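Before any questions on binding or motion, here is one chain by itself as structure tokens, the form predicted on its own.
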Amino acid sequence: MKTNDKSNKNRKVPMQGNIALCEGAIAGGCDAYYGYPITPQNEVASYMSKKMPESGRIFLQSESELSAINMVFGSALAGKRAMTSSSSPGISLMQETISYLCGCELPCVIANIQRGGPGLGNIAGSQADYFQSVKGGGHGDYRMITLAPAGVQEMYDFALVSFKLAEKYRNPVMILSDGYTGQMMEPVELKSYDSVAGDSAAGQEKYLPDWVLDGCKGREPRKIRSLIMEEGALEKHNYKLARKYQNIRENEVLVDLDRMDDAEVAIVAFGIAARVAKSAVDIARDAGIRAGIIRPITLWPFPEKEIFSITQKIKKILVAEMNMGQMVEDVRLASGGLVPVKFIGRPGGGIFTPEEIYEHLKKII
């Protein structure tokens, strides 16, 4: 499949979520993919093992998740668009190097197709890695831009734009999906970068930043490191990172508001849970309950201002997550205590039915 062929523009093809992630990354200019097998994201590495070499790009199955993320580190240093993917326990193994990537301000893309936990858990889809992704699962003061797709089209779209977003801020981007979205199949429109992001630059265009370690012939040597031992230098570096993170907060928040114009109660959910919640809202509306849904698309930066604004108009909030309560903490902080925030969760790979959310909605009303 040629995703960059003009003949494919506006063409929809049935595609599995994990495969859409791959096609989006390839269309976005991924130079190198490094990965290690783990369910439920094995299709990603398998597909990339074929597609990347076909277009003269790098695929390497590493001996472990630790190796994969450090290979990403090396390619990012050289100015290449590098990506890895894994599932929950595999992402846990990558946390030390993710902290190094953020400390060195290296752009890359990391996809987590979440599975049930804690521990080895099971291979069903989950949303229990929210804290790990948005609070910093490794050490130090750092943040990753975190995108939560709610369907196969967004798996493609987010992978397509993630490299540009990572390069814009010199920061890793996490695509936080789950086993259900990774395995489902839906029609996908194969898009160009500018049609998704509204940017004049094509997705395949390579950048030439002035920090890349590409050999110092004819120029002064460059140095990229996260070990900063000089007195006060690390504190200064952290203040610089904090300013960057604030810039991201001010410019990159994405949130989807559905049927919120006249809503009395709002369901806040992300990813696959938001899809189910939309059906619960339909049931509620048919029953005369004015419900709407707030779907954070960027989990970090979190849509704090948007949720606070909504609290001026509604009476109650219900947070639905496939975990035992993680994003709900950020919703409570964002709401400022102005409205009651209730929670419904399904842990360990469990998934809601629309009726289950609707019944809980009726109880809180």
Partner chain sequence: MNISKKLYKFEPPSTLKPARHLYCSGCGHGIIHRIVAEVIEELGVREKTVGIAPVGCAVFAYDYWNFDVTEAAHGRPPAVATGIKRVLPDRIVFTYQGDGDLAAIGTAEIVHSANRGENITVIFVNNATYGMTGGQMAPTTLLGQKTTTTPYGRKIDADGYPLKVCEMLAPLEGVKFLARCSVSNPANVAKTKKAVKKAFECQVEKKGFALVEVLSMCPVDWEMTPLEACKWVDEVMTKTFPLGIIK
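Since this is a predicted model, take the numbers as computed values, not measurements. Numbering follows the first chain given and starts at 1.
There is another form of this protein, the form predicted together with its partner chain, and it is not shown here; the text below is about that form.
Trainee: Please tell me whether the candidate spot formed by 290, 333 and 339 is one where all three residues come within 4.5 Å of its partner chain in the model of the complex (heavy atoms).
Mentor: Negative, none of the three is within 4.5 Å.
Trainee: Given that its partner chain is left out here, which of 323, 70, 298, 311 has a heavy atom within 4.5 Å of it in the model of the complex?
Mentor: Comparing distances to its partner chain in the model of the complex, the residue within 4.5 Å is 70.
Trainee: Please pick, from 171, 132, 146, 75, the one residue with any non-hydrogen atom lying within 4.5 angstroms of its partner chain in the model of the complex.
Mentor: Result of the distance check: 75.
Trainee: Just one of 110-118, 156-164, 268-276, 210-218 has heavy atoms within 4.5 Å of its partner chain in the model of the complex; which?
Mentor: Looking at the other structure, the answer is 210-218.
Trainee: Find out whether any non-hydrogen atom of residue 259 is located within 4.5 angstroms of its partner chain in the model of the complex, and reply yes or no.
Mentor: Result no; residue 259 lies far from its partner chain in the model of the complex.
Trainee: Since only the chain is shown here, I'm wondering whether residue 100 would be in contact with its partner chain in the model of the complex (any heavy atom pair within 4.5 Å).
Mentor: Yes, contact at 4.5 Å.
Trainee: Going by a heavy atom distance of 4.5 Å, is residue 52 a contact of its partner chain in the model of the complex?
Mentor: Residue-level check for residue 52: no, no contact with its partner chain.
Trainee: Residue-level contact is defined here as any heavy atom of the residue lying within 4.5 Å of its partner chain in the model of the complex; does residue 185 satisfy this criterion?
Mentor: Contact check for residue 185: no, nothing within 4.5 Å of its partner chain in the model of the complex.
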